[in-house]
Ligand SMILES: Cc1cc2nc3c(=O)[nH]c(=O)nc-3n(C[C@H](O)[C@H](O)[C@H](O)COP(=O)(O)OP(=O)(O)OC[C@H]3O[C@@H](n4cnc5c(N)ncnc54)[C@H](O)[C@@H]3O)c2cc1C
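Just the one chain here, the form predicted on its own, laid out as structure tokens.
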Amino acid sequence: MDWIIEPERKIPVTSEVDVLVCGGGFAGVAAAVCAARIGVKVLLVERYGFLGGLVTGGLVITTPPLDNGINREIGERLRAKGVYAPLQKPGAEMIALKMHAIDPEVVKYELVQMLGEQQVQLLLHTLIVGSIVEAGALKGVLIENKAGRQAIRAGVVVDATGDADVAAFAQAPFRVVKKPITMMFNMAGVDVDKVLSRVGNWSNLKQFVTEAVAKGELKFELGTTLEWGTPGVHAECLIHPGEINVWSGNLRGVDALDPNQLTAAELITREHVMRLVAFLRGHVPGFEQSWITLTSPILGVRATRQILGGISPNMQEVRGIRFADTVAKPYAEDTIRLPYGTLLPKGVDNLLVAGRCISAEEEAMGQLRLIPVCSATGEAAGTAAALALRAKVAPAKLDIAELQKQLAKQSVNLGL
């Protein structure tokens, strides 16, 4: 391999904040809002030009209920706009909880409003390209955008990048997990009643497509069958009449940290979206007058890096144990709980993680990467970051009882 040696250069420090949140998905927004409400100066950095992460960019717009802590607040804001409602025909095989549909465009707007109400600084179109570590403690990050390379100093950093980018740059230990990738897309003009009279329910759509592949009616190499945490080909009704959200199948074996493999995945899955839509319009009654309104701008990556934290619970443990240091309970009516150690990477001080890159066993992540869990861990991480700064201790030394007391004030029912 050939190499280019860059000359040494000075990097301007463009911001100094109390809490820096990296990543503007549901986890990052929750972290930023909750930290700011405690009275610290917060900056959120996001690589795209909008907030919401895989919800808005990946069209992951069906969710278990938003009914605890900041999740309830987000759900109420969306319900007030008429864009958060139970699915017309819930896909029970995906999760035991009742699923809801949300409108991604309103989500983009409401998340910005939530940040603005708390005076959170926002920097979009910016990549995290390095971590600033001194004596084992994270002091900030390096960023790049149209203005070039810059630095941000921070008292505590919350890594909500989904890929644990900040933790990896800081050389915190992690493992890499590969899960099937899916391109999501929305269709309008669908005669839903007519479709369901033919296929029975949306869960049967995968079998319908599988049979078409076997008959040679559809050239489709992506997986159509149900896997753990991945529904294959599937669809659900959305907020607006005649509009559906479609899962276009599972592309397996992709290393989503490899840009060449990600590029190939984009091309393959978009090709299959077009093939699938052509098949549906030509072979399934009710799709004749339908059209694609949007393919997801962000590829549906389910997993990449997961940090190795103070604890890595499995699904049985997060469903059955009342951890003494419980800091996240995503749902009011489900027993899932997460302890503080899942947010704390080993070996690096002043860093918390939230979202799908938390520390947990791989088999649990099918449930722990869902929207309400991401925002619940973001709420816990952002609150912990602000309290640690106020107490002048590292996040790992924070008094858990104080954190739990503050979360209770924020209407989080930890079920302790």
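Treat the numbers as computed from the prediction; the structure is a model and nothing was measured. All residue numbers refer to positions in the sequence shown, first residue = 1.
One more form of this protein exists, namely the form predicted together with the ligand; it is left out here, but the text below deals with it.
None of 371, 351, 386, 360 but one reaches within 4.5 angstroms of the ligand in the model of the complex through a heavy atom, and that residue is 371.
Only one of the listed residues (337, 302, 272, 77) places a non-hydrogen atom within 4.5 angstroms of the ligand in the model of the complex, and that residue is 302. Across the proposed site, 46, 55 and 128 without exception bring a heavy atom within 4.5 Å of the ligand in the model of the complex. Not displayed here, the ligand is kept clear of residue 36 by more than 4.5 Å at the level of heavy atoms in the model of the complex. Contact annotation for residue 257: none of its heavy atoms lies within 4.5 Å of the ligand in the model of the complex. Contact annotation for residue 103: none of its heavy atoms lies within 4.5 Å of the ligand in the model of the complex.
Though the partner is left out of this view, residue 27 does reach within 4.5 Å of the ligand in the model of the complex, counting heavy atoms only.
Comparing 283 to 291, 146 to 154, 159 to 167, 198 to 206 against the ligand in the model of the complex, the single stretch with non-hydrogen atoms within 4.5 angstroms of it is 159 to 167. Heavy atoms closer than or equal to 4.5 Å to the ligand in the model of the complex belong, across 175 to 204, to the residues 182, 184, ordered by sequence position.
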